[in-house]
Ligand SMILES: CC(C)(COP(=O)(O)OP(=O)(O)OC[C@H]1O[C@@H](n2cnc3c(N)ncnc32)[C@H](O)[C@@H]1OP(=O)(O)O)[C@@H](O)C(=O)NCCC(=O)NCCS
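Shown here is one chain on its own, the form predicted alone, set out as structure tokens.
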């Protein structure tokens, strides 16, 4: 069962990041990283072809109230996103009777390998468990996405099973599903 989420007034901070709702002023930063080949494909979507495509997706981020912008504090640049999505894959019991969500994320290629995504995901996971009442979180990655696998492992998720999913770009990918239970 999906826990209720509304991040529209939530701001989280880590040493290097301000994790906040998206705003209309973020369009150029979003398009800059979302249009780069290799970024979106890692998360299951194709590079953005235009600013209007980025605008449409950013509008959904804002209206759905469940996707954070990741702003690098040192330069106030948005370098990625992390969403607290509805559960896309039914894991069966005991999860079916618990409140949970699925975490998904993407980071500008320029900032890969710096430990920023585990930092952001850890803070968002705290919010989900301590404030939003999630009893578990799930997260997945395609077999090819070694970077995402490292983030998931650093965040303490446990492998549950392999499965096949259809990504937003319509491609089928063999993927790995992980779960983390609330520490409470």
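Positions refer to the first chain, counted from 1. Source: prediction; values computed, not measured.
Omitted here: the form predicted together with the named molecule. The next part is about that form.
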4.5 Å heavy atom contact, residue 124 and the named molecule in the predicted complex | no
With the partner left out of view, is residue 89 within 4.5 angstroms of the named molecule in the predicted complex by any non-hydrogen atom?
-> no
With the partner left out of view, is residue 62 within 4.5 angstroms of the named molecule in the predicted complex by any non-hydrogen atom?
-> no
Taking heavy atoms and a 4.5 Å cut-off, does residue 94 contact the named molecule in the predicted complex?
-> no
Which of 138-146, 124-132, 47-55, 24-32 lines the interface with the named molecule in the predicted complex (heavy atom within 4.5 Å) = 138-146
Residues within 4.5 Å of the named molecule in the predicted complex, restricted to 112-143 and counted by heavy atom | 112, 113, 114, 115, 116, 117, 118, 140, 141
